[in-house]
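Only one chain is given next, in structure tokens, and it is the form predicted on its own.
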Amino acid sequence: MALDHTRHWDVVSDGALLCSDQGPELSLEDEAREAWRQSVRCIGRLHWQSLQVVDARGVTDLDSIFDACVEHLRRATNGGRIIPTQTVFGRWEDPEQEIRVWNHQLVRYAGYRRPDGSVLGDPMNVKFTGIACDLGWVPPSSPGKFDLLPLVIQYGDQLLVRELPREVVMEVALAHPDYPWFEKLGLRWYALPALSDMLLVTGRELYPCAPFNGWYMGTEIGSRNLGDEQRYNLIPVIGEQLELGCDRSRLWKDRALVVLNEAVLHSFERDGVRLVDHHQASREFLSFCGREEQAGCEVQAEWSWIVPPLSGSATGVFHRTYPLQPKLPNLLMQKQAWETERGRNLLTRYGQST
């Protein structure tokens, strides 16, 4: 469910959310931590109390918003020792001061549509790459598979398009401990998954710009980002390199997928970048469920997001069900910034002037 926050949350939620603000008013830090605690699509909630919250509600100009996003990356990446972090910008009350980061994540790779319809880079980001180009971003002279996208930041009726400093984006080059050919594929991924387009809803306030990160679960990169047919679609490439006889073996995709995930885990651990494998993540989530139940709280979760995309039935989270009646505070999807009336107008104005 994506909220259009031009109307108040209790109008657009259609009864799907329960407000949990009947107790004493919480601090921003406590509200942000509770939002992570109740985020139904996150398997990593055992660590919700460790969230570091940066109060950036006093930031009111584009350059300072950009600088705060850069500092978020620097602080949260922490040389690979990832720190769960959320930077909260101004609440939604005056549309003329609305702050949005248009990017889905602070770090993302460009996707370029070729004349033959194929994609160079990340197919998920083709539309946003086109928007960035329309707003004046110039891709590298020789586009590649892993070109960093610029940040597109909105403050009221103003837009800023600016590239991130390379030194704050930590990336991991992927290799496999048993297959020397893997490193020659030239694959890599960024260390910090920082969601930047979700809505922090406390029950009292709406914060449409509140970048948030934990750390990666390995399968998010190996099975989804690099493995999905709709993304980098590397399973056939790996299968060919392994000489699996893709036209004969029924389980060639499974074997290739395991090798790709092995490379992700090996490479992140080699570089000292914090992440968790899906078996450990499953055990941690069940520990979280146990703690919540002892505290008299019922864990809400979206099963299809909690169960890992590799060896799902070999993990404990597969074998139980979860109620799905999200409560506030929470992190929710919202209408994409360029699809709002203001966003469409900004695209027209800034696109014509660049």
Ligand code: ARG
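The structure presented is a predicted model; accordingly, all values stated were derived computationally and were not measured. Counting begins at 1, following the sequence as shown.
Beyond what is shown, the protein has a form predicted in complex with ligand ARG; the following relates to that form.
Options 156-164, 214-222, 177-185, 266-274; stretch whose heavy atom lies within 4.5 Å of ligand ARG in the predicted complex: So the stretch in question is 214-222.
Indicate whether residue 203 is a 4.5 Å heavy atom neighbour of ligand ARG in the predicted complex. Answer no; every heavy atom of residue 203 is more than 4.5 Å from ligand ARG in the predicted complex.
Taking heavy atoms and a 4.5 Å cut-off, does residue 195 contact ligand ARG in the predicted complex? Yes - in the predicted complex, heavy atoms of residue 195 and ligand ARG come within 4.5 Å of each other.
Is the gap between residue 72 and ligand ARG in the predicted complex 4.5 Å or less for some heavy atom pair? Because no heavy atom of residue 72 falls inside 4.5 Å of ligand ARG in the predicted complex, the answer is no.
According to a 4.5 angstroms non-hydrogen atom cut-off, is residue 278 in contact with ligand ARG in the predicted complex? No, no contact at 4.5 Å.
Within 4.5 Å, heavy atoms only, which of 92, 190, 232, 109 is in contact with ligand ARG in the predicted complex? If I apply the 4.5 Å criterion carefully, the residue I get is 190.
Within 4.5 Å of ligand ARG in the predicted complex, counting any non-hydrogen atom, which residues from 146-171 show up? Not one residue comes within 4.5 Å of the partner.
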